[in-house]
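As structure tokens, one chain now follows by itself in the form predicted alone.
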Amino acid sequence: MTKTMEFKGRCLCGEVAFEGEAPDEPISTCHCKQCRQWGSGPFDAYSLPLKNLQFTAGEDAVKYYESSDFARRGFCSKCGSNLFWHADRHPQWKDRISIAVGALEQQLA
């Protein structure tokens, strides 16, 4: 049986809020140039199936920047918080989303 965890998160101003339940998987860290430029350092992310992410507030406040030919980066249009990385045009990863660890309410191990 796969262990799962519940999570809640939001942007800095609280306009965007989300929650869900997903497999308990390790946090990944990306050191690519784009991630470092986007967040002024490595991007720590919790990756999960896209279907497991539910918005509880402000989904319309999320704006996306098309950062490559296969992925986009989501942020709050009010406070600018970096929230998501989604490879929406990549056949292998389009059904997953990576959430910025800093946007999660609880600390992940």
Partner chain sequence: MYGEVGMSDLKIYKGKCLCGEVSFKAEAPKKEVGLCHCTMCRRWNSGPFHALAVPFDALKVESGEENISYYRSSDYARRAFCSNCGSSLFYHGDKIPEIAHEVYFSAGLLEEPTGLKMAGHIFCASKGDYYEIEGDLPQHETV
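Note that the structure is a prediction, hence the values are computed from the model and not measured. Positions refer to the first chain, counted from 1.
One more form of this protein should be noted, the form predicted together with the partner chain, which is absent from this view; the next part is about it.
Put simply, of Thr56, Asn52, Ser47, Ser67 only one has a heavy atom within 4.5 Å of the partner chain in the model of the complex, and it is Ser67.
When the partner chain is considered in the model of the complex, Glu105 lines it closely, a heavy atom lying within 4.5 Å. Using a 4.5 angstroms limit between non-hydrogen atoms, Ala17 is distant from the partner chain in the model of the complex. When contacts are judged by a 4.5 Å heavy atom cut-off, Arg96 does not count as touching the partner chain in the model of the complex. In the model of the complex, His86 stays away from the partner chain, with no heavy atom inside 4.5 Å. Annotation for 60-83: interface residues with the partner chain in the model of the complex are Lys63, Tyr65, Ser67, Arg73, Phe75, Cys76, Ser77, Lys78, Cys79, Gly80, Ser81, Asn82 [heavy atom within 4.5 Å].
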